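Take a look at this one chain, the form predicted alone, written out in structure tokens.
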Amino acid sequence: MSPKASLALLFGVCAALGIMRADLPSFAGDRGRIELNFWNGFTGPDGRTMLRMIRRFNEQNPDVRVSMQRMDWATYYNKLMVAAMDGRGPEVFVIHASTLPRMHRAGFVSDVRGLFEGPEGVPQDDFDPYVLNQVRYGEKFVGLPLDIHPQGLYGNADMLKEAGFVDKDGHPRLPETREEFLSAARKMRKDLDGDGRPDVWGFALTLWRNNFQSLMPQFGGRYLDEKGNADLDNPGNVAALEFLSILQKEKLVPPPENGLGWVGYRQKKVAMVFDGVYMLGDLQRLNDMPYLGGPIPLIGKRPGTMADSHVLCVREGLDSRRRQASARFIKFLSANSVEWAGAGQVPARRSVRQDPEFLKMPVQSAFARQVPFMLYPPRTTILFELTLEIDLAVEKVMRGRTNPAEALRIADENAQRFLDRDRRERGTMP
């Protein structure tokens, strides 16, 4: 056979195979499956739990294949925004409820109200109204809350028992009131080597901003007033920050430069800390850590803590097949969120929080008792700027540079300038 004839024959075979490949999806190996990319920031133990759930979904839904990409939260939102603006964003992705306003304004978060409609829809009344309102914009729902992650109190069980904080059966317990909390902090502070400086602390601050925000609702604090203007220097916020300043003045927390915080708690140099339920996964990896977890003690006038949620979102512009597959995947995660709770979360759905399996999770179910009293970050597109002002105010107070009222007054003025600038840029100034 001549070289030309050989090439012609080879070309014909390749063309025929190409036709077969197009007409017979099974020959291509993917059997016509719908490919979905799922992005999130679950880089810790929670990521392994999510991966197991995705594998099970893929097994139960052979016509869909979900691939997960994880990245650090520090860079996640920038990458998500760039990818979405360039038309390369994932079909399904996770956004914190607190960042939804900015992402919604960017225009690539799709309306998913269909998730809540029809006989197979997720019942709206299975969510606390306050939680569901975080994803509601007028008639639209721009996501489905997967979980709630409130701040709470972690305590070293052995240290608490040694200090006499036990229940009627002699088991260690966490303090529940302001008086008990301060008493526990004093009793568990110890100078082991007699040099006049504590070697073990009863309590330490973790992320100062979060510690302050966890106390805000207990004193009736808030971020914005009824008109959406900054209200950081309201009396409730001042009272919450004053309590933290008292801890510093009375040396019930390590000095700011000490840097113990969560690390000190893990090392058993600190007996109690405030932190999120999501930190549970870190403790579960420690073989010799006797921990307890529960609500923030009643420091102020009412129960309360700060919280946020992971929200499952769909990219705008998907075709009907990918959109339906995305909805099926999101409903699967929501229906099976008791497994997700095991990674250190509180399910957003009420029915799942009543699941016997969830009620057996001591820390998660204890943190869940705070759901009726929690405060989400404000729904504003200048959240980053507002958060920075809170950071600066708390730091000034904890380092003794000014008093709570003055620090929050400055923060409030600066936050209002950011709000006014944002309104001018959008043309919504009164």
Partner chain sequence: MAPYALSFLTFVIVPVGVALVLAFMQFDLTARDQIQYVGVRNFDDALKDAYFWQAFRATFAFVVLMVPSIVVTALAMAFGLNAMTTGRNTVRALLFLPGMFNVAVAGILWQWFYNGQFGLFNFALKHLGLPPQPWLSDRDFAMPSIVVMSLWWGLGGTSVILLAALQQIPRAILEAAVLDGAGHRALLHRITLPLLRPVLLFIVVTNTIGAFQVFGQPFLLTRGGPELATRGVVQYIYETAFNNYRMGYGAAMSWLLFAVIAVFALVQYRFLRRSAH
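Residue numbers count along the first chain shown, from 1. Every value quoted in this text rests on a predicted model; they were computed, and no experiment measured them.
This next part talks about the form predicted together with its partner chain, which is not shown.
For the three marked residues, Glu257, Arg399 and Glu425, a heavy atom of each sits within 4.5 Å of its partner chain in the predicted bound form.
Of the stretches 106 to 114, 333 to 341, 176 to 184, 126 to 134, only 106 to 114 has residues with a heavy atom within 4.5 Å of its partner chain in the predicted bound form. Although the partner is absent here, Val270 lies within 4.5 Å of its partner chain in the predicted bound form, judged by heavy atoms. Looking at Glu139, you'd find every heavy atom of it more than 4.5 angstroms from its partner chain in the predicted bound form. For Arg197, a non-hydrogen atom is located within 4.5 Å of its partner chain in the predicted bound form, even though that partner is not displayed. When contacts are judged by a 4.5 Å heavy atom cut-off, Glu35 does not count as touching its partner chain in the predicted bound form.
Screening His171, Lys301, Lys251, Arg102 for any heavy atom within 4.5 Å of its partner chain in the predicted bound form leaves a single hit, Arg102.
Contact with its partner chain in the predicted bound form, judged by any heavy atom within 4.5 Å, is made by just one of Leu359, Val263, Leu318, Ile246: Val263. Along 363 to 401, a non-hydrogen atom within 4.5 Å of its partner chain in the predicted bound form is carried by Phe384, Glu385, Leu388, Glu389, Leu392, Glu395, Lys396, Arg399, Arg401, in order along the sequence.
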